[in-house]
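One chain follows as structure tokens, the form predicted alone.
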């Protein structure tokens, strides 16, 4: 069984291998891409997604780790003699559409947990593959950006806050009435297209909150960033203000509100209708 420090080193090696393995694919994005079908999460797979996943698995196997992979691409797979000793939840490329279209905002997300449950995640990494910025967290040890400790924002007023809001959904007519009050009270709404990385922006105080109540986001996108936000001092709950207790799986969907501090979180909860 790996120690926390071992996991941190392994995750950083995973990041480096992902960067190496996807580099050739970045040069061919303008060319026709093969039809690889849909991944376990339901989205069309791209060669760059599979290359990133393979890069992560390679490093884990080279480290001698037994693990169960929970991937947005390949689904659930077991590796080694004791695969249930830890679970590795990955979104190999978070923001694939951004990457394919040349929008410079996409990341790779890896979470290590004791069970296939969000509450048991104890090591995490999200790396910005464009700007070479890496966020890490170990349970009980804080959150870091490129090795420097980070804390979430203390801003309490929505008047000054920057709030991320994902509205990418065919259910927009159903969702819009629930967040109208919030939008009216918030001057600066953003969405960049890679939710794991947007959550890390909450963790380091770049933004003040991030909201996704669509019920469309998979837990594979959230798993690593969830720990990073929590360890940075932020708050992450359901839209009803309850703790997130959810299974980790490529098809498992989730709704959440993440905030830099409890005060702004309470304000947002009061404005989001159930």
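None of the values given here were measured: they were computed from a predicted structure. Numbering follows the first chain given and starts at 1.
There is another form of this protein, the form predicted in complex with a small molecule, and it is not shown here; the text below is about that form.
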**OP:** Would you kindly say which of 208, 53, 231, 221 lies with a heavy atom within 4.5 Å of the small molecule in the predicted complex?
**Re:** 221
**OP:** Find the only residue in 217, 59, 45, 69 having a heavy atom within 4.5 Å of the small molecule in the predicted complex.
**Re:** 217
**OP:** Among 85-93, 199-207, 153-161, 118-126, mark the stretch whose residues have heavy atoms within 4.5 Å of the small molecule in the predicted complex.
**Re:** 85-93
Original post:
Even though the small molecule is not shown here, does residue 180 get within 4.5 Å of it in the predicted complex, heavy atoms only?
Top reply: no
Original post:
Does the small molecule get within 4.5 angstroms of any non-hydrogen atom of residue 112 in the predicted complex?
Top reply: no
Subject >> Any non-hydrogen atom of residue 168 within 4.5 angstroms of the small molecule in the predicted complex >> reply: yes
**OP:** Check whether residue 136 has any heavy atom within 4.5 Å of a heavy atom of the small molecule in the predicted complex, and answer yes or no.
**Re:** no
